[in-house]
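Shown below, as structure tokens, is a lone chain in the form predicted on its own; questions about how it binds or moves come after it.
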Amino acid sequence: MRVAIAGAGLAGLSCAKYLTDAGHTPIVLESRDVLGGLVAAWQDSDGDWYETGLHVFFGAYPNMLQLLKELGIEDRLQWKKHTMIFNQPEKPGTYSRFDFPNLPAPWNGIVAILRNNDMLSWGEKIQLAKGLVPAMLRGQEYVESTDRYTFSQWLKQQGISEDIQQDIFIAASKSLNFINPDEISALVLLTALRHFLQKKDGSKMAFLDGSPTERLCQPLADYITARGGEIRLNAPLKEILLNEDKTVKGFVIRGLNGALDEVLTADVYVSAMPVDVLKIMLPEPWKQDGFFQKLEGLEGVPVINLQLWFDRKLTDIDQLLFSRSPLLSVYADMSNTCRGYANPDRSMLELVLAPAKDWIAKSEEEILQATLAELQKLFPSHFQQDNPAKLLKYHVVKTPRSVYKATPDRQKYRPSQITPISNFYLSGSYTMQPYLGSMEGAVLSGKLTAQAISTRSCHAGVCTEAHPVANLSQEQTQTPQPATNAAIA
């Protein structure tokens, strides 16, 4: 079957990859001139890469890790020591670590918490254990039921103090969904904790050895085209044409630079666009359907990513860092963490500004100056001296609508990959799957979409003789159902 896919982010590309594995022919349409969607990256005039976000891979990402293995590029992940490092604002320039020992889960996490005496007193450790451990033991059904609360509300119910929230969970919340604990659903944090604490290496982190566009998305595109699929950049979707029965007749591709519009026809159609774009593109007849009306309950969260090059080394730490700053959420010196960006003499900091709702409309200069003010607190020895570190250049990448904003009660609005339209499917981390708005969620959603298409085509009597979409384990696909009616990426 020919399958037209709108969107060449991780969801669209993974969907196309698994469709080719099942013997189908995907045609992936991307409106921009670059692959990757929310993980896209660009090269500047100096040949340096700058990205849409700080993309970190976790041991608790089974579908992403399997995809890299299937592409033969798993060695491109640079695994870091199993630790979490937090800045200490009360002691500028110092760090507090949670080092995970070589023990089975969840004991390695428990020992990591018990060993840390910088951020948590023994009373706070006991308080944290009394709140979190029972939640972890009560199972996923309980975790799903917490979608009605913000994480701040849930912490208060467990008797966990405001100090612990400030010390640990503001940074965790902003790194997972770019918003604070008083906005984010408790489901998000508790789901992440379950994934991280139930596997020995669940919270272990890795960085790609270069840009996601070049080192991850391009191999996906090459895999797809080598098996008969097609990738078309600069091919923006203009309209979804319908038949009289409301099924899809074709995708209208907008002609650029004076070219005429083109109608692309296929057997099956997939939207792998962000939910905000999909809502705009929905044909009028579909907007009356309750399935599509629920999408109005979802919207993307704004995110700002900064990359700053300095004339000297600011840090030798080869790991993600949680800034505990009111403005910045997480950052890393990519000249240490990434072989493709390595530089022994200079730093290239990549930082995520969150929450970004009050900053997304501000100028790049305003954003830069506010960030530099925070860096003076994070690296006092390099900025508060007679010869301060010099900024060589910078890039600011604004994403007004990124992953869906996971506030309470969003689960009931998340759609399945299968729609009421027989030849139209959805893919994207906002669709229902257990990894919420993350790279893992995007990859899994694409795999689930490909599986649904192959299953339905088989039932329709058009099974291919090629390999079916890879079977998924319960761990990989167990999808939380909406209560009474997903980490960094």
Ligand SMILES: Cc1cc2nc3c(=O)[nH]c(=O)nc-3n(C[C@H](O)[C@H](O)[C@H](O)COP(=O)(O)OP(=O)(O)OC[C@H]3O[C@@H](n4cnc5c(N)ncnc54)[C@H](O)[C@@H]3O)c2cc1C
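It should be emphasised that the depicted structure is a prediction, and the values quoted were computed from it without experimental measurement. The first residue of the shown sequence is 1; numbering continues from there.
Just so you know, the form predicted together with this ligand exists too; it's not on screen, but the next bit is about it.
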Subject >> this ligand contact in the predicted bound form: residue 31, any heavy atom under 4.5 Å >> reply: yes
Subject >> Partner proximity in the predicted bound form: residue 212 to this ligand, non-hydrogen atom cutoff 4.5 Å >> reply: no
Original post:
Would residue 3 count as touching this ligand in the predicted bound form under a 4.5 Å heavy atom rule?
Top reply: no
Subject >> Partner proximity in the predicted bound form: residue 224 to this ligand, non-hydrogen atom cutoff 4.5 Å >> reply: no
**OP:** Name the stretch: of 65 to 73, 431 to 439, 41 to 49, 416 to 424, exactly one has residues whose heavy atoms fall within 4.5 Å of this ligand in the predicted bound form.
**Re:** 431 to 439
Original post:
Quick one: in the predicted bound form, does every one of 236, 277 and 281 get a heavy atom within 4.5 Å of this ligand?
Top reply: yes
Original post:
With this ligand left out of view, which of 27, 60, 56, 452 would have a heavy atom within 4.5 Å of it in the predicted bound form?
Top reply: 56
**OP:** Sort through 328, 272, 406, 189 and report the residue having a heavy atom within 4.5 Å of this ligand in the predicted bound form.
**Re:** 272
